[in-house]
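Next up is one chain by itself, shown in structure tokens, the form predicted on its own.
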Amino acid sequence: MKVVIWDDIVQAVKTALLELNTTVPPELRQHMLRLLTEEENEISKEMVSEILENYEVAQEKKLPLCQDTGMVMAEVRVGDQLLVEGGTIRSGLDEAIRLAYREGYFRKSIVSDPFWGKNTEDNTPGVYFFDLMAGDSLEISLLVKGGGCDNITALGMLNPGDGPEEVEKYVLNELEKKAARACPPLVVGVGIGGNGAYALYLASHALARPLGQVNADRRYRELEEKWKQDINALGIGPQGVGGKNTCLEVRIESYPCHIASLPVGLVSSCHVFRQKTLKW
């Protein structure tokens, strides 16, 4: 049986969260540089230019990429032959968040109860999904999202028998109404199938893919590209000021569903896409 030390998890996740909130990956920077050449609207070009400048200042001075340093989500895939020594994975994740948000002087945005709670003062707890697998590996996929992009999350219960066209219409309709509020250009996750609750999980699971990772199924891969083009055709543009680029990538994940329903979950990131996967 493989043993992973609890404190090693804490330190790795803490380091990743400090990095995610202050540094953009090269792939995201390349996306923005491409947008700068593609946009024709001067206001749109200015918005992209300011986004790139923000990236540079944040990385140079170790400041947050956005004042909203978000709520931390983690997908944990743990092998049945793996033992964590010294504590639980959940407590390790909370401790890592606590340390990272204190050390980075990041904004603490979590309240202990939606109605009657006070600020927890350390940005805990995060939101965690656990998946038990065969083997002795451990993977933790981190996703940090601010309130603005999370607030456009949507769940649609479409008609059984609806096809990709109807699902795309639903996605486009939701984004046409809401995308400007999420600080585009966005990465969009779509979950199709399961039940209502699982469709939203699927959408978040899709969103948590690294940049550039497409669906392994050619049919869904083609839909991802088409939907991205059609979202961009809405003309919402960077930061909602109009333009050719509202969406950087679309990711779709599907799952078997009941014959009487077709759940569709929709989530997005903002232009600060904060994702990292750690492996042991």
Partner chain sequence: MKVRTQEWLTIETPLGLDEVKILRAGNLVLLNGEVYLARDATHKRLIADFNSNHALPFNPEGAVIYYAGPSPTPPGEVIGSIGPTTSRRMDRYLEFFLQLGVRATIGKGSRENKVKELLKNYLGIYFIACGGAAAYLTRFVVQKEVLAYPELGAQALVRIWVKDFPLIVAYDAYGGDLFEQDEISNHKVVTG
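On a predicted model such as this, the values are computed, not experimentally measured, just so you know. Residue numbers count along the first chain shown, from 1.
Although not depicted, the form predicted together with the partner chain is the subject of the following passage.
Q: Pick from N151, S112, T88, N159: which residue has any heavy atom within 4.5 angstroms of the partner chain in the predicted bound form?
A: Answer to the contact question: N151.
Q: Let me know the one among N215, N232, N54, S254 whose heavy atoms come within 4.5 Å of the partner chain in the predicted bound form, would you?
A: Residue within 4.5 Å of the partner: N54.
Q: Given that the partner chain is not shown alongside this chain, does R209 nevertheless sit within 4.5 Å of it in the predicted bound form, heavy atom to heavy atom?
A: No - in the predicted bound form, heavy atoms of R209 and the partner chain never come within 4.5 Å of each other.
Q: Is the gap between Q30 and the partner chain in the predicted bound form 4.5 Å or less for some heavy atom pair?
A: No, Q30 sits far enough from the partner chain in the predicted bound form that none of its heavy atoms falls within 4.5 Å.
Q: Is there a heavy atom of K61 lying 4.5 Å or less from a heavy atom of the partner chain in the predicted bound form?
A: Yes, K61 is a contact residue.
Q: Considering non-hydrogen atoms and a 4.5 Å limit, does the partner chain approach F130 in the predicted bound form?
A: Because no heavy atom of F130 falls inside 4.5 Å of the partner chain in the predicted bound form, the answer is no.
Q: Since the chain is shown here on its own, which stretch among 135-143, 77-85, 201-209, 177-185 would lie within 4.5 Å of the partner chain in the predicted bound form, judged by heavy atoms?
A: Of the stretches listed, the one contacting the partner is 177-185.
Q: Within 4.5 Å of the partner chain in the predicted bound form, do we find a heavy atom from each of E50, Q239 and V272?
A: Heavy-atom distance to the partner chain in the predicted bound form: all three under 4.5 Å.
Q: Any residue of 97-133 with a heavy atom within 4.5 Å of the partner chain in the predicted bound form counts; write them all down in order.
A: Sequence-ordered list: Y105, F106, R107, K108.
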